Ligand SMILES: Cc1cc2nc3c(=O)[nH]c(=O)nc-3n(C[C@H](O)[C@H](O)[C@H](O)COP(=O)(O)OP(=O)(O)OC[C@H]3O[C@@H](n4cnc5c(N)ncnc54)[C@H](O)[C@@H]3O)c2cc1C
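We begin with a single chain expressed as structure tokens, specifically the form predicted on its own.
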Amino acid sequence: MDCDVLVVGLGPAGSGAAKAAAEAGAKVLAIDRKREIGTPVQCGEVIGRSLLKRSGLKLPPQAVASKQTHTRFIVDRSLDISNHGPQWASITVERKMLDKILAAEAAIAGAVVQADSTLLSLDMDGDIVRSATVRFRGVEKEVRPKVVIAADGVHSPVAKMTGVCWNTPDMVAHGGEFEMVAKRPLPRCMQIFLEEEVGLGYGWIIPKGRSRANVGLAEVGVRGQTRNRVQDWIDGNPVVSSYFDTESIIEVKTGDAPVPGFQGGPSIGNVLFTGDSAGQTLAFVGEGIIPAYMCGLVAGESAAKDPQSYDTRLRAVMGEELSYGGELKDAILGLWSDDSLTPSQKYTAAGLVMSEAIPPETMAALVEEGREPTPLELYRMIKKGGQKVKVKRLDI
């Protein structure tokens, strides 16, 4: 079986790539090992409204669970930082529905889309893939693609088969969450928690309506016993436990997310990597749905027209946002690993940077001086930055 483009993985990146390549006139085969595309859900299901608008993607109503006006950061269980800027308004989606719809759009564009199909091996000639062995619902077939697009996740089988590594273990966040029913109405905002009890990562409440939410946490480099850690954190955090108890879990979800920072459009030979397999997320918060879809579109069009242009095209389309996310991630990791700071100082400083209340360079200068800003200084810094940020002490 010959094709112009073989897409491995049908998450947002793979479906975007398959659609764009097909629309550009390529003969596309897109496969996914899951029997049902979109399951199991392995993320918080939230996307930023401003990036969604830029993507041009129209979300179907049935894939929208809720809309949030702003994001609230609960820092060290003592500080409430709310960013009302447009970049922190969000939409929670039903990933099971969204991924299927995106895969269907790729098929409508002309791609051959196959669930329950697994890449078994690649026949390589140096860095060039000459053929791929694929299992289609139990039947092995040889595919001879001109270009392969690896959209197969943070633990990419294609990366392993080609001998490359774009996501090192220390730059992967391991997360777990419960979809839960709330005891009382939820506010119309996403809530992010930075505290010593979570560690090198953050917790979250991502609404899926006024009475339902994804509640979880993710840590960089930590694995094992995720369900127990999430349950203990929910029970022990006074803000989270005021909304939820662990008697109301309707789905358990786990998954990994890359946080390496922007690496452009990674490729080797005739293989282009996109989405989580290439670390194409907003690294400081791990948001990957819309970045993956947009990067997938670029990968697909590049594969169909000029594979060598992938990196240049991607930097022009997504370089600014993803590079900025990587810079914020580096600044936050630097604060978390600064042994001169107390735990409270680490999380307060990281929260001010992650919420974009204070620029990383301003916080770095304060840390170097060895002091925390007074409330008046903090207010002036935030006003100077032009952000729609409100900061107050949390009384719990």
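All residue numbers are counted from 1 along the displayed sequence. As the structure is a prediction and not an experimental result, all values here were calculated from the model.
Just so it is clear, the following notes concern the form predicted in complex with this ligand, a form of the same protein that is not shown.
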Margin query: Since only the chain is shown here, I'm wondering whether Thr118 would be in contact with this ligand in the model of the complex (any heavy atom pair within 4.5 Å).
Written below: yes
Note to self: Residue-level contact is defined here as any heavy atom of the residue lying within 4.5 Å of this ligand in the model of the complex; does Trp204 satisfy this criterion?
What the structure shows: yes
Note to self: Considering non-hydrogen atoms and a 4.5 Å limit, does this ligand approach Gly265 in the model of the complex?
What the structure shows: no
Note to self: With a cut-off of 4.5 Å between heavy atoms, is Pro145 one of the residues that contacts this ligand in the model of the complex?
What the structure shows: no
Margin query: What I'd like checked is whether Ala18, Gly300 and Ala303 together line this ligand in the model of the complex, meaning each has a non-hydrogen atom within 4.5 Å of it.
Written below: no
Notebook entry, point to check: Of Gly255, Pro260, Gly269, Gly199, which residue is found within 4.5 angstroms of this ligand in the model of the complex when only non-hydrogen atoms are counted?
Noted result: Gly255
Next item on the list: Tell me the stretch among 278-286, 235-243, 314-322, 191-199 that has any heavy atom within 4.5 angstroms of this ligand in the model of the complex.
Entry: 278-286
Checklist line | Partner contacts in the model of the complex for 4-34 (non-hydrogen atom within 4.5 angstroms of this ligand) | finding: Val8, Gly9, Leu10, Gly11, Pro12, Ala13, Gly14, Ile31, Asp32, Arg33, Lys34
